[in-house]
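Just the one chain here, the form predicted on its own, laid out as structure tokens.
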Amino acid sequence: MKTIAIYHNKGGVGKTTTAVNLAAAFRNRGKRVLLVDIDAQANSTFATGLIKFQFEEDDDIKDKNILQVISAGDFDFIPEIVRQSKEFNTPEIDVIPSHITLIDEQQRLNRLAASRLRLNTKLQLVEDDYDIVIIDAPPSRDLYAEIALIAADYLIIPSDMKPFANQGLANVKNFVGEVNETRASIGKAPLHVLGVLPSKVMTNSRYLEYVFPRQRETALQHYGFPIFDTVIYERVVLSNCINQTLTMGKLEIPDPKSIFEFDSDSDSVKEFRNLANEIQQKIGA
């Protein structure tokens, strides 16, 4: 089982889009995939079709989500919490959903050293059940991001390569260093950074010719992170696939799809296939 965290402390760089569509790409190759959402915004949970309800009383994930996994060591194991995505991809993927209640519980969990290790421990118990685990971490330097990076074997850093995202790579590098100290204390190897993934990259030809190469070089030279060859470009189809809705009576129900399900002939599908190829070459999955 290979566990990959998707993380950058800069928001809006395509983190969730990368996590859910990469999970779909591996699932479509016959891999047994688990997607873990540990971001209180629950964007991956939404994107995989698990928030189709419109009213709080219909919320069926508030008592069975990542919060329960990391709140206790002796119950609420992954097989009890996991559920399948809903009409997101063919075949569907397994998901540990997130919930907004993570925000309220962070201060309490932060005082408990064991909470940092529970996801790591519980993932080890299902290592024979999955080939690939993808963890969608929050865009912050907090407890939940720490939990994700402790549990992962590998790290992908999505970035639009713009100045603020590139400047944030220094914080990512420092954070990885701190997390590696915790990993060493439990006998776990340092986190393997697969690289910075250019994502939400504009398709403007002048930008790609003159600006983008310099931005890539900055990330490589200033921060020492490798850069993926694959580029995930900013395309309308990627936004549309997550923002699909379904009319049921007088209600518009969210009906998100993976890019593979939404438009199998799109350039974005080719990009995510290329990304899955590149990752498999790097990790030997």
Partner chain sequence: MSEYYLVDVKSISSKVPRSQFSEDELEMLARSILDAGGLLIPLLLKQTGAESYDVLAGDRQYYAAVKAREINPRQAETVNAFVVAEKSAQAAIQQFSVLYPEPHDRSPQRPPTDGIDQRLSNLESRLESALQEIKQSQKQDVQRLEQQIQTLQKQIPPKVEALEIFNSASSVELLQKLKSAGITGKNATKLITAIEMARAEEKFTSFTDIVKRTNGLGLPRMLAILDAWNHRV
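Please read these numbers as outputs of a predicted model, since none were measured by experiment. Numbering follows the first chain given and starts at 1.
Just so you know, the form predicted in complex with the partner chain exists too; it's not on screen, but the next bit is about it.
Triplet A145, F164 and Y223 all within 4.5 Å of the partner chain in the predicted complex via a heavy atom: So, no: the whole triplet misses the partner chain.
Contact label in the predicted complex: E261 to the partner chain, heavy atom within 4.5 Å: Flag for E261 set to yes.
Touches the partner chain in the predicted complex: F212 (any heavy atom, 4.5 Å): Because no heavy atom of F212 falls inside 4.5 Å of the partner chain in the predicted complex, the answer is no.
4.5 Å heavy atom contact, I100 to the partner chain in the predicted complex: Flag for I100 set to no.
Non-hydrogen atom contact R27 with the partner chain in the predicted complex at 4.5 angstroms: The answer is no: R27 has no heavy atom within 4.5 Å of the partner chain.
Proximity to the partner chain in the predicted complex (heavy atom, within 4.5 Å), stretch among 137-145, 124-132, 201-209, 150-158: Looking at the other structure, the answer is 124-132.
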